[in-house]
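The data below hold one chain only, encoded as structure tokens and taken in the form predicted alone.
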């Protein structure tokens, strides 16, 4: 038994209908709604063949059919033509980034929120791999006669702090002056670059060499602790779909959304491919056996790549999702450029 053109058309109609309704599809529905000029009996026979081929499942004997993961894979690979976002939606994406924000974390947080709004699914955005936050300013705040709080603020909105020992001779004004000098010297540097410059700063600021060394130790420790920021939008969107009306299944999904490191690993499994679509069991994640994951890579100005992902039920609107993810990828690639002068993420335009 082979897949012919008529079976293709019937399978596509079943998938389209099930995506919209989440209700098992019967032969009469296909005959009435999709105008195929085929009798219900003929459609029923073809549906039986499609079930034998593994493209349809029948939840109950008297119920209609639902697409299998194999059917969605065929739909994505052979039946789907990538659409375009409406002009209104494209304007929404561009307008959302018009604020000229310089913080990487802000940019990807906004991207996740917009993407979840456009698709009505859950969106995840990862920053470019290998990119390190860059220092924006360093502050020293006196907490006692011989201790100060070191606060390191980066362009990713990450604040790292620690308490270090300082000379009793350094009052608040002296600490403020040192803070300004360090910010002027190290602003725009990654934590790794800043640590490499510490010996030179100790030589130039010999009177404060012990203090500078302590700040370098903080930078080195905090640099090792940094994890990629994972931006998530629309987590609760999944709960509006009948697939997640089961409380245990919903709880399992929400728990997964809370484990950011694991989620980053799942979304980042796109290898060298610009687009990937993983359907149901293809995700390799038990909590996502009823989900599909669409991912796309985007490129920052420094050539490093980040990842955009959309998580939805296996009956997601694939055409709309691919169009939205593609648009968002183009926007992020355009917006996240790196200045040759200071390496700080900027927005073009």
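Positions refer to the first chain, counted from 1. What you are looking at is a predicted structure, and each value in this text was computed from that prediction instead of being measured.
Keep in mind the form predicted in complex with the DNA is missing from the figure; the text below concerns it.
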query: Which of 23 to 31, 305 to 313, 283 to 291, 318 to 326 lines the interface with the DNA in the predicted complex (heavy atom within 4.5 Å); finding: 23 to 31
query: In the predicted complex, the one of 300, 47, 69, 296 near the DNA [non-hydrogen atom within 4.5 angstroms]; finding: 47
query: Distance check, residue 53 to the DNA in the predicted complex, heavy atom within 4.5 Å; finding: no
query: Heavy atom contacts to the DNA in the predicted complex at 4.5 Å, residues of 236 to 253 in sequence order; finding: none
